[in-house]
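Just one chain follows, in the form predicted on its own, and it is written as structure tokens.
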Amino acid sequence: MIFEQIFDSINIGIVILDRDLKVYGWNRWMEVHSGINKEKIKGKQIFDVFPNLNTPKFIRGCKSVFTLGSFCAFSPRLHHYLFPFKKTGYSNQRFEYMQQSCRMGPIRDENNEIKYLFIYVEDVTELACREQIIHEMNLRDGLTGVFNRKFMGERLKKEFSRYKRYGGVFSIIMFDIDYFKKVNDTYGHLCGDFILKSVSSKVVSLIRDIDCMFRYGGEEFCCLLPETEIDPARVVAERLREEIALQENIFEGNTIKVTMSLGVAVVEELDDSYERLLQRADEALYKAKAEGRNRVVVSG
């Protein structure tokens, strides 16, 4: 009686399985979050109700508990969840399902024989959300909100490795704001920050969801365009140039218009690294600036 009260009152899920992996125990927490009454699930094999658990990892864990008496952990960093429960009481939409930290271990009888295994299920969605927010903050530029230079290197390296292994194509656009120092000198650095944020927001709104925008440094930015040949990339660059030139940035009653110079490059067989591709795009950018600014130059 005392055990059953504790079993049903604790704020974690407890599942007990027999050697045939049939449900022997199913506490109140599991009832609430699964919507399945313990009387309906008791005696059923767990895979009949949760087929997603029928994986080599889970089966190996069960066998290890019954044969060796060992414990097995399922970290949310690797597995995210065992039981696909919809989130409740969370406004954050980062995860579709409750994020769970789970662990299984043996239950022995009075003769020290392992008759059952237990699985505890802890809701760690709130913690996972906080960790993801912190992780994303480390990937983004603090002023503009676009991805930072560190993540740019990681992302371009991954994209280049995929290209070398599987083929395909991708392009990058390097660009910076023309005469940005004049903006700072005329209107002040707060206005300069406002222009950086305004331009970044506009560019992000114009590119695809699969594209990535990075702040390279100062007023210089980079866009990664996966699965994009050079001609479509040039079209995108021209559109960015035109839209930014048309945009009116209003700061403290002043209407400030800026332009951009852009360099475009597509990955080629001769590129021995993503740094070389980046260098070619940067060279095209500086050629655009040397030729009068407010223009697009394609590498090669």
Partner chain sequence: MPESYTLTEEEREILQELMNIAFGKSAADLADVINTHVELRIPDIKLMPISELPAYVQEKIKGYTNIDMVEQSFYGRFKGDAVLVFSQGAGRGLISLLQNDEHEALESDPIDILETETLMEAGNILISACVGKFAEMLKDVVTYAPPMVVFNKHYSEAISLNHDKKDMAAIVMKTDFTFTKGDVSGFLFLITAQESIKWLKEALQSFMEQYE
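Rigid core here is just the name for the largest C-alpha set that superposes within 1.5 Å across the two forms. In this text the structure is predicted, and so the values were computed from the model without any measurement. Positions refer to the first chain, counted from 1.
The form predicted in complex with its partner chain exists for this protein as well; it is not shown, and the discussion that follows is about that form.
Site annotation in the predicted bound form: the residue of Asn184, Ser161, Ser75, Ser201 reaching within 4.5 Å of its partner chain with a heavy atom is Ser75. Here is the short version: of Tyr97, Tyr116, Tyr179, Phe71, the single residue with a heavy atom within 4.5 Å of its partner chain in the predicted bound form is Phe71. Shown here without its partner, the chain carries Ser64, Asn112 and His135, all of which come within 4.5 Å of its partner chain in the predicted bound form through at least one heavy atom.
Mapping the unseen interface onto this chain, His80 counts among the residues with a heavy atom inside 4.5 Å of its partner chain in the predicted bound form. At the 4.5 Å threshold, heavy atoms of Lys57 reach its partner chain in the predicted bound form. Within 4.5 Å of any heavy atom of its partner chain in the predicted bound form lies no heavy atom of Arg208. Residue contact check for Arg103: one or more of its heavy atoms lie within 4.5 Å of its partner chain in the predicted bound form. Exactly one of the stretches 103 to 111, 209 to 217, 184 to 192, 223 to 231 approaches its partner chain in the predicted bound form with heavy atoms within 4.5 Å, and it is 103 to 111. In the core-superposed comparison between this form and the one not shown, Gly253 has its Cα shifted by less than 2 Å.
Superposed on the core, the two forms barely differ at Asn138: its CA moves less than 2 Å between this form and the one not shown.
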